[in-house]
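Only one chain comes next, encoded as structure tokens, the form predicted alone.
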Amino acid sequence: MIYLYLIATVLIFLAAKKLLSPFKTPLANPLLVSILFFIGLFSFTSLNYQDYAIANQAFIWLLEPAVVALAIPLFYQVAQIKAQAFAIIISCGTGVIIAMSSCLSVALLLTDDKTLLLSLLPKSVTSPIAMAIANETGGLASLAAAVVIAVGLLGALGGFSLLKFCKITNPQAQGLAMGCSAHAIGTAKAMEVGSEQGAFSSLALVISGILTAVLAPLFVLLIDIFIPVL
């Protein structure tokens, strides 16, 4: 019976996507609406969330091949990517360092819970990578995944509006910004906007994931240094 939850997840998302398609506001996001629906469902009924999590484990398994599939749009932008490889790597590297250091700085002002800090560290990379990093560094994979989804939704809801406000109109720059800050959910939104934005967002997602995995141990050392002081 619990596997009816899996069917319900798919149907709710498809229904939300269909019903919200006429609306052009960023808030009309089917993923956001689906999440809010299930939060309400489990908050106001006696249904067991643990059963829901078990039933939807298949979606967790599908995250990794989904990330690999993002290589497809990259194939069509290979020439432009090669021509700007250095700028792309520098941009993504800067974005990763700013994302991790700003998150850690704000979190250190609010808490000295080391597990929480380690779980927040990989907030700007896609869920499979964030969960793996959290597991390796001593954080909670489930909390890391929840934070990643929240960050991705925020990016998908307001990312392009912010870029427009800042007068950033270059599709490649837009894609890199979305992929670096809002990972897979932002990349899905970028693909809706344009193929070039989607391709560069996919590239930024991959590069940011690799750089975060490499740099995470250094930030863990910083956490080890600051926690005793607090």
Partner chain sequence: MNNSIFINIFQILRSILILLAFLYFGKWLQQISHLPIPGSIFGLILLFLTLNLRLIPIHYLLPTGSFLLNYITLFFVPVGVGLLQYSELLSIHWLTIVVSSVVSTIVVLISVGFIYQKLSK
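So that the term is clear: the rigid core is the largest set of C-alpha atoms that superpose within 1.5 Å between two forms. Positions refer to the first chain, counted from 1. Remember, predicted model here, so these are calculated numbers, not experimental data.
The protein also exists as the form predicted in complex with the partner chain; that form is not presented, and the subsequent description refers to it.
When the partner chain is considered in the predicted complex, residue 35 lines it closely, a heavy atom lying within 4.5 Å. When the partner chain is considered in the predicted complex, residue 45 lies well away from it, no heavy atom lying within 4.5 Å.
Residue contact check for residue 193: none of its heavy atoms lie within 4.5 Å of the partner chain in the predicted complex. In the predicted complex, residue 20 stays away from the partner chain, with no heavy atom inside 4.5 Å. Taking the partner chain as it sits in the predicted complex, the stretch 187-217 comes within 4.5 angstroms of it through a non-hydrogen atom at 188, 191, 192, 200, 206, 210, 213. Superposition on the rigid core between this form and the one not shown places the CA atom of residue 12 2 Å or more away from its counterpart. Residue 170 is not among the residues whose C-alpha shifts by 2 Å or more between this form and the one not shown once the rigid core is aligned; its shift stays under 2 Å.
Once the cores line up, the CA of residue 50 ends up 2 angstroms or more apart between this form and the one not shown.
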